[in-house]
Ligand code: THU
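Coming up is one lone chain in structure tokens, specifically the form predicted on its own.
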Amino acid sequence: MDADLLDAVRDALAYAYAPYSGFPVAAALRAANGKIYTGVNVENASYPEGVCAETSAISAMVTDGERSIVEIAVAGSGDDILTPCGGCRQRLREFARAEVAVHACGPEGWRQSFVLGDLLPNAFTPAHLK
């Protein structure tokens, strides 16, 4: 993982809005165009209406006209390894190939890397809708 992706996800973590869970999360996506898009979790008092960090980053990427993710980093504030939740794995797979790297990070830096296809085997993708 390049330092620019790690710096982006660590910098974004400071902006997460997690007043209810106390668990800030950030995501940084490197798109096929080379740009990095970041997002953070944004909680809401009506709990199911919050937004995951990966969703925020995907929204920024799509708003910029990009549709392809080539590398993913997620960071959380806890001591455990953090990977995207099931819903976010599906969202990421919509825009990323199965072999895309997912880097789990913390405030101190990189912790472990995974492959998206291993995190979401046999994913349902747009190809299934044809």
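Sequential numbering from 1, following the sequence displayed. Bear in mind the structure is a predicted one, so any value in this text is a computation, not a measurement.
The discussion below concerns the form predicted in complex with the named molecule, not included here.
Participant: Evaluate Thr83 for contact with the named molecule in the predicted bound form, applying a 4.5 angstroms cut-off between non-hydrogen atoms, and reply yes or no.
Facilitator: Yes, contact at 4.5 Å.
Participant: Residue-level contact is defined here as any heavy atom of the residue lying within 4.5 Å of the named molecule in the predicted bound form; does Ser21 satisfy this criterion?
Facilitator: Judged by the heavy-atom cut-off of 4.5 Å, Ser21 is in contact with the named molecule in the predicted bound form.
Participant: Would you check, heavy atoms only and a 4.5 Å threshold, whether Asn41 touches the named molecule in the predicted bound form?
Facilitator: Asn41: yes, in contact with the named molecule in the predicted bound form.
Participant: Is there a heavy atom of Val25 lying 4.5 Å or less from a heavy atom of the named molecule in the predicted bound form?
Facilitator: Yes, Val25 is a contact residue.
Participant: Out of Cys52, Val100, Ala60, Ala31, which one falls within 4.5 Å of the named molecule in the predicted bound form, going by heavy atoms?
Facilitator: When the named molecule is considered in the predicted bound form, the option within 4.5 Å is Cys52.
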